[in-house]
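Read the single chain below, which is given as structure tokens and is the form predicted on its own.
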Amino acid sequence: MFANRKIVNIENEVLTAISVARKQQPLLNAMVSFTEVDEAIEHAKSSSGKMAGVPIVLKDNVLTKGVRTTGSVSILDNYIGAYDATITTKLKDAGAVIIGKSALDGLGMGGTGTNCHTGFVHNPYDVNRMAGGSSAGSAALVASGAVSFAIGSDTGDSVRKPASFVGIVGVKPTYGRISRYGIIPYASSLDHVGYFTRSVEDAALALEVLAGRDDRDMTSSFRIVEDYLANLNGNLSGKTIGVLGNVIDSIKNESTLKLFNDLVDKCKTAGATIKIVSMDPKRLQTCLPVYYIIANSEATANHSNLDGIRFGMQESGDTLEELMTNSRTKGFSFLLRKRFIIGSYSLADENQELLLRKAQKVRRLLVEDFKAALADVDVLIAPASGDVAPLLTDTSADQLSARYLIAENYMVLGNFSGYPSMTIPMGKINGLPMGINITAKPFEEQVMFDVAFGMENLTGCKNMTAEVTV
């Protein structure tokens, strides 16, 4: 925990973090690269910033000047950042020490941590299980105790689902609350900068550092950044908490439901009013296909320049077309090529009205439903997943079942709408963590943090770390 901490020995703290991350690397495979820290340590020693001396990790889609940034794809294996992302600058200015870059599903496309250029990322609670994705490496490093803070990005639930699987706090603020300048994009209308901590207090402080207007990102908000930590209040009395009933109805794991219901009962005892809220179930089942069409269409457009000519590793070819084809074939994994095909098909002139425009219209309907669901409550909650982290070899999920379409994909509503959303641990099932997701109205991060803090106090799931063993 770094909020309100007393700095003892910055150099020792940073070098210990590096040592732990290196020691765990053969087991977790969470790091892509380590950075030189001597200059950053000296800066931190004289810094009065809110994160002075805190060792941190950046997801490897965040640009850092002079540092290799691969986006976890082969085609960018040799790419060196030409400038710092806005959040990189903010974290440096706050005195944080960046010790390295973490693994992710290629270009943020994936929810498992198994589509990384550097190989599978393993869950620190059980190395035979997934850490979730796409921000797998960052999540694993915070959960393992290597660092207390790491940057992720969230386009569908890429911060909030891993947070559930590894038992930490994962935050996706309101769209525009944090600048995305210098972040390798996935889908521009859905992408959010997110981050991981092990406590709600740390999460509140981190947003003070990261948030704010940036003229280099025209989608960033002019809203004043609040004193989230100083204003943090975990009193649940008087709060109206909505339970998204569709998700509860879609979960079949009795252990998950018991853990969730026990926490809801504790919230009632603490003075909260609980209200069951439902959305149109047929519309909710469209979350995944709508996401696939919109996200992959935007990704195809965003990454059209990764062709081995303008950017990226180049493979030889007898013609320009052959060179580009060979470069992209070798430079992207099968899953990425599959997603680019979906995006290209949806963007074709003859398909745009049938697929992309229709998906955008359904997205609007879903956002209107979501807004209505939040209208009379302070926050909406539901389990962040129907079950604990799957085994790395598990392919049993029926992705077309109503259960899967809702229980495992509803958190994309936070990306469709841009509303703030976070996951915190609510307990364990057979020693494996399980999270609860909390969503609030736009720019009501303070309300979201307050409810999360109150729940954290009820569960006692604060500053959890895993003992990493084979």
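None of the values given here were measured: they were computed from a predicted structure. In case it trips you up, residue 1 is the first one in the sequence shown, and so on.
Although it is not shown, the form predicted in complex with glutamine is what the next lines describe.
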query: Glutamine contact in the predicted bound form: residue 339, any heavy atom under 4.5 Å; finding: yes
query: Any non-hydrogen atom of residue 123 within 4.5 angstroms of glutamine in the predicted bound form; finding: no
query: Glutamine contact at residue 156 in the predicted bound form, heavy atom, 4.5 Å; finding: yes
query: Glutamine contact at residue 291 in the predicted bound form, heavy atom, 4.5 Å; finding: yes
query: The single option of 176, 110, 331, 343 touching glutamine in the predicted bound form, heavy atom within 4.5 Å; finding: 110
query: Region of this chain that lies against glutamine in the predicted bound form, out of 148-156, 257-265, 379-387, 349-357 [heavy atom, 4.5 Å]; finding: 148-156
query: Within 4.5 Å of glutamine in the predicted bound form: residues from 162-200 (heavy atom criterion); finding: 186
